[in-house]
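In the block that follows, a single chain appears as structure tokens, in the form predicted on its own.
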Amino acid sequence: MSGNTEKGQFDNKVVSWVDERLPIFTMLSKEYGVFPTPKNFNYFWNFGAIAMAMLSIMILTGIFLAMNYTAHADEAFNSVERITRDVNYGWLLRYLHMNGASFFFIAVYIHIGRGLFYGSYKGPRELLWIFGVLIFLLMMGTAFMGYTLPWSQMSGWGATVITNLFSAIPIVGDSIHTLLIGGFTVDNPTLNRFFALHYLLPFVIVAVVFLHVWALHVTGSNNPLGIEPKSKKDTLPFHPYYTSKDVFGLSVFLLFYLWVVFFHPLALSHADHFKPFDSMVTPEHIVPEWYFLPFYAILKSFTADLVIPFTGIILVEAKLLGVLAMFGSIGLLFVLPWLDSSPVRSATFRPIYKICLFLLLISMLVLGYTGSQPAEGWVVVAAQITTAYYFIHFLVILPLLGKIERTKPLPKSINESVLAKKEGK
């Protein structure tokens, strides 16, 4: 690299000495100190930093748990119980990790919801959004594999059900299923594969987070108005304004997290997680973790095969339709920047879109509930209706709104809007 890189001046002699040879502190000052950010951020912008903090907690606790975990079908369940009962502060590490997954997903779901509401996926931030969705997909894979590691009744049968889905893929499905579980049934090779991948994938997530943040610092942050900064009056340096705001938001979030860890550590756990896996006894109702429930409901909502009318010839089996819909529901997020054709980003100025987004939220909540219930009666009908709305929202409503929606007028600048708000206009 060229020696002409402009370096910062630091009072600390050690920092200055290091920075002269490796300008890491200059980079940090540029990207996280004086980096210009819109001056109208609200607290929803805290959740990116909160998600990064939760990822760090998950990696650190996971490393220490791995030191005491035995990845063998005969020993895994007992090793987890030993961690909880006999290892010094093992109970704390386990509860931090198992509840940390839920709070990590809470932060990410709110982060995604903020992106949907304020149009953070629109140009020039398409790649930033795609990296974010990729992180979400990697999180789901990591969480699913971690869900199986205690080798309990619920985790063992959950692994059986989910891996069996791949057998629905025509021609190559059985081969993928056998490769994934390491044999013909879920057993020790499956556990070894999932443990290795569960340990590896968080570091892959870190790499994609790096790309995500890099893309953010190239394009700059979106803001609640969805308009670009036009002058220095529209921005503030990231530090100390937003570092202090992030610290406050993170502190409040961690209070709720630690309250659950110390007072209700098993509130989000199913009773069958505390029974060793028995491949000869099927649980009455196999339920994934809450953050998978909407997608699990989409999977279960397909109960009939797709057939050619009046012939009875099956084109696509119900099982495959469910698998395609489940993965397709996430795949839609990757192409969302090109589905929404509206020139206005923020839902603040899009009255119809705001209503549709509210209906999408209701649909996700209903899907979450139906995913937790046995697939019978009205539950299936509710799941089918909300699944239909989910796909209609992205494939029909968003492209159509860009052509017919009458949006509210946008403010001329971020600074003008902030001043008007302070003056009560």
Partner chain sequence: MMKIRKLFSVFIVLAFLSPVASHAAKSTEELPNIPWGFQKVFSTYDRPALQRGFQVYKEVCAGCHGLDKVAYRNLSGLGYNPDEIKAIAAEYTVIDGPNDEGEMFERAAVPADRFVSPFPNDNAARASNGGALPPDLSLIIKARTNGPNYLFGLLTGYAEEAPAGEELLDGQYWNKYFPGHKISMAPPLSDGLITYSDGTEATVEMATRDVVEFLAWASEPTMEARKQMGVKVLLFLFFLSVLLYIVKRRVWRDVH
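Numbering follows the first chain given and starts at 1. Keep in mind it's a predicted model, so treat the numbers as computed, not measured.
Below, we turn to the form predicted together with the partner chain, even though it does not appear here.
In the model of the complex, every residue of the candidate spot (Glu81, Ser251 and Thr386) has a heavy atom lying within 4.5 Å of the partner chain. In the model of the complex, the partner chain stays beyond 4.5 Å of every heavy atom belonging to Trp338. Residue contact with the partner chain in the model of the complex: Ala53 places no heavy atom within 4.5 Å of it. The partner chain is not shown here, but in the model of the complex it comes within 4.5 Å of a heavy atom of Phe274.
Interface residue remark: Leu357 is not counted as part of the site for the partner chain in the model of the complex, having no heavy atom within 4.5 Å. The partner is absent here; in the model of the complex, the one residue of Phe263, Phe203, Phe184, Phe210 having a heavy atom within 4.5 Å of the partner chain is Phe263. Note on contacts: among Trp290, Tyr241, Phe136, Phe334, the single residue with a heavy atom within 4.5 Å of the partner chain in the model of the complex is Tyr241. Of the candidate stretches 36 to 44, 22 to 30, 66 to 74, 53 to 61, only 36 to 44 has residues with heavy atoms within 4.5 Å of the partner chain in the model of the complex.
Residues of 146 to 182 are not found to place any heavy atom within 4.5 Å of the partner chain in the model of the complex.
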